[in-house]
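Just the one chain here, laid out as structure tokens, in the form predicted on its own.
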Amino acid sequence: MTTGTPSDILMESQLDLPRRQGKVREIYEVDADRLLIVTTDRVSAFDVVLPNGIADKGRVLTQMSAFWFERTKGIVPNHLIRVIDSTANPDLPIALGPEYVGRSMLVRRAQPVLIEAVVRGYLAGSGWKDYQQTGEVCGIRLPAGMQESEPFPQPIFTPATKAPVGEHDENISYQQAVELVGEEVANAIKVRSIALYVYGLEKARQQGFVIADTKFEFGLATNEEGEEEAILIDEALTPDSSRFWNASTYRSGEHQEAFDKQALRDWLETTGWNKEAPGPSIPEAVREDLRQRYLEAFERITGRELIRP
């Protein structure tokens, strides 16, 4: 396990290229066909970007996504060209300093589909809250008497809106997703998301993790046959986009030992924060605890050491 806390926390990137900014990622236009995605160390919770970051977080998210992109490209095509693993990048029009190494990836362009593709294998998070109130999750009726953290017989696809920074995503039904993006695109995203989740769940189990649920994003791109299709973009099966539970301590009906952002959410719930911007500053002990959880998830699942400058 990696120890010590690096000092090179990157809260915002500054490159001389056209940029758009998300909660955590900054996306630069390289040319007509390529984008450069820089994953900062910013951290968001309850759709609010908090004032201080988590060391190594951007590199974990980038390199863990790349790991899954490489392994699932035969299941679902994705946008990855390569991870920026050094400062020597002759195919780019700008120089990248060491702070960009390991946290940036070169990708092909795609037109983002404006829904979040959420797949749930276990009853947790907002799904658990919805179930307690209505007996449903995103319009899907579930059996009565289910417990928190209980597995579903089969994974379910529960889309959400993709809200701008500072606004809240909302769970929607599959039919609402169809109305937003069309039946063909919605069905392709549903089928591909479930296939990705099932693959990731099995691979993670081999390393002692349960992936309770996850969120994917898709974009439309032209394939080799000249047809438009939905490809995987942004990130894949990371501690930011998924719930990673320790398989050895998992118990249905209980709060789980998590290797993801849940530890931060749990701390925030104790602060009295109203979940509106600005959020509270994260204490060093909480930041380091979250860093170690992210690193352990990365190292155990990928079997790799983190690429740093």
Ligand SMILES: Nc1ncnc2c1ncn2[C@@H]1O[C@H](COP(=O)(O)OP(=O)(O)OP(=O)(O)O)[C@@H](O)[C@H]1O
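Keep in mind that what you see is a predicted model, and the values were worked out from it rather than measured. Start at 1 and count along the sequence shown; that's the residue number.
Another form, the form predicted in complex with the ligand, is not on view; read the next lines as being about it.
Check whether Glu99 has any heavy atom within 4.5 Å of a heavy atom of the ligand in the model of the complex, and answer yes or no. Because no heavy atom of Glu99 falls inside 4.5 Å of the ligand in the model of the complex, the answer is no.
Going by a heavy atom distance of 4.5 Å, is Val107 a contact of the ligand in the model of the complex? Val107: contacts the ligand in the model of the complex.
Whether Arg20 contacts the ligand in the model of the complex should be assessed with a 4.5 Å heavy atom distance threshold; does it? Answer yes; at least one heavy atom of Arg20 falls within 4.5 Å of the ligand in the model of the complex.
Does the ligand get within 4.5 angstroms of any non-hydrogen atom of Arg25 in the model of the complex? Taking the distances in the model of the complex, the answer for Arg25 is yes, it comes within 4.5 Å of the ligand.
In the model of the complex, which of the stretches 189 to 197, 172 to 180, 81 to 89, 213 to 221 has residues with heavy atoms within 4.5 Å of the ligand? Stretch 213 to 221 is the one.
Thinking of Pro112, Lys162 and Ile233 as one candidate spot, does the ligand come within 4.5 Å of a heavy atom in every one of them in the model of the complex? Yes: Pro112, Lys162 and Ile233 each sit within 4.5 Å of the ligand in the model of the complex.
Just one of Val30, Ala258, Ile37, Leu264 has a heavy atom within 4.5 Å of the ligand in the model of the complex. Which one? Of the candidates Val30, Ala258, Ile37, Leu264, Ile37 is the one lying within 4.5 Å of the ligand in the model of the complex.
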